[in-house]
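The chain below stands alone and is given in structure tokens; this is the form predicted on its own.
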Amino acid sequence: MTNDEIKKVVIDIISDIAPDEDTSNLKPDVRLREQMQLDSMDFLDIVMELRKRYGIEVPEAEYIKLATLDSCAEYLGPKFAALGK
């Protein structure tokens, strides 16, 4: 999966768990929580959806690696690659 495809996956998950949020102008290098009204439960939902949809586990100590779209792509890239995606 390319970085852009991974970012799209994350945006799709955010759109599903927070349908009222506008994801059309997200900046890839700015923290998601600074750009959107996401609380800790929303963030946990993102992590849970990654596990549910793709079988990707994100340990709590590594949640910070999902702060921005760029960091999501960097962190999740090897995990998707390990799954053959």
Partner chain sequence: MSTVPLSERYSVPENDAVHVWSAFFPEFEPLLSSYERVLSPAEKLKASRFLKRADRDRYIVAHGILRELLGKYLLREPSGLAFETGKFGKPKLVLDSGLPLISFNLAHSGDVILYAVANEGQVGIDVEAVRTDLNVLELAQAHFSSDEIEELRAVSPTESVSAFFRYWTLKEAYLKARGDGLGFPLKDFSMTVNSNKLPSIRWAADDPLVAERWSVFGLSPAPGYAGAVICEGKVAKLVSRHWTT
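Numbering follows the first chain given and starts at 1. Computed from a prediction, not measured in an experiment: that's the story for all the values here.
In what follows, reference is made to the form predicted together with its partner chain, a form of this protein that is not presented.
Proximity of residue 75 to its partner chain in the predicted bound form: non-hydrogen atoms within 4.5 Å are absent; the residue sits far from the partner. Contact check for residue 22: a non-hydrogen atom falls within 4.5 Å of its partner chain in the predicted bound form. Although the partner is absent from this view, residue 56 stays clear of its partner chain in the predicted bound form, with no non-hydrogen atom inside 4.5 angstroms. Against its partner chain in the predicted bound form, the set 43, 52 and 60 is in full contact: each member has a heavy atom within 4.5 Å.
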